[in-house]
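We begin with a single chain expressed as C-alpha cells, specifically the form predicted alone.
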C-alpha cells in the first residue's frame, strides 16, 4: 500500500463516502476516486470503472455508478483518469487534438493496463476491499482500454463492456481494433456486452464482430435501439445485477 496516497478528506453524502487518491507507478501518478459506504460492513467487492472518451473519473456517469454500487449494493467502486483526461490532461472533448495524439502512442494501451493493475494492487490492500471479488465496468473508451486490461488480469471475475467495436470512426482514429483482435479471445470471465444499435462512433457490424470475438463462454449481449437510450437507470441496474451474480 506504500504507493497509495489519499489526496483529500472523504466527502460523505447520504451514507456514501467519496475519497480522492493517487497511485504511484514507475514514476507516474495515477489519479483516482473511491466510493464506499460510509459505514462499510467488512470486506466487500470492488468494481473498477473506466470512463468514456472526453470524460474523467468524477464525471456524471462515474459518480452515478459509484453511488449506485456503494449505496445500493454496499460495494467499493473506483475510477481513475485515462491518459490526457481529467487530472492527467486537457481533453474534455473527443475532438481535442490531444485525444487523437494519445492513440498514436505505441504503448498507450499497455500503460493504461499497468495503471489499472497498480490501482488494483493498491486498493486490494484496504481492509474494506475483498480482493477475491473484483469486477470491471467500462464502455466506449472504458472498453477500448478496459478490454485489454481484463483480458490479462485474472483477479477480475466479471465485466461489463460495450459501446465499442472493430469498425467505425473511433476505430479509424484510434486503431484500437488491433488491440481488440489480440485481446478479445483472451477475455474469459462472465461478460455482459452493451451496444447501441445505431452508434455514431462504432458501426453495428463492428460491435457484433467484437462480441463474437470475445472468448468468454458465459457472455450476454444487450442491444439498445437508437443512440444514448441505454443511459436510463434500468440499464445500469441490469448491469449491476449481472455483476452481483458473480461477486
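Residue numbers count along the first chain shown, from 1. None of these values were measured; they are calculated from a predicted model.
Just so you know, the form predicted in complex with another copy of the chain exists too; it's not on screen, but the next bit is about it.
- Contact check for residue 21: no non-hydrogen atom falls within 4.5 Å of another copy of the chain in the predicted complex.
- Taking non-hydrogen atoms only, residue 10 never approaches another copy of the chain to within 4.5 angstroms in the predicted complex.
- Of the heavy atoms in residue 14, none are within 4.5 Å of another copy of the chain in the predicted complex.
- Taking non-hydrogen atoms only, residue 178 never approaches another copy of the chain to within 4.5 angstroms in the predicted complex.
- In terms of contact with another copy of the chain in the predicted complex, the residue from 183, 58, 201, 219 that brings a heavy atom within 4.5 Å is 219.
- Although the partner is absent from the chain shown here, 208, 211 and 234 each have a heavy atom within 4.5 Å of another copy of the chain in the predicted complex.
- You can rule out all but one of 211-219, 33-41, 63-71, 50-58: in the predicted complex, only 211-219 has residues with a heavy atom within 4.5 Å of another copy of the chain.
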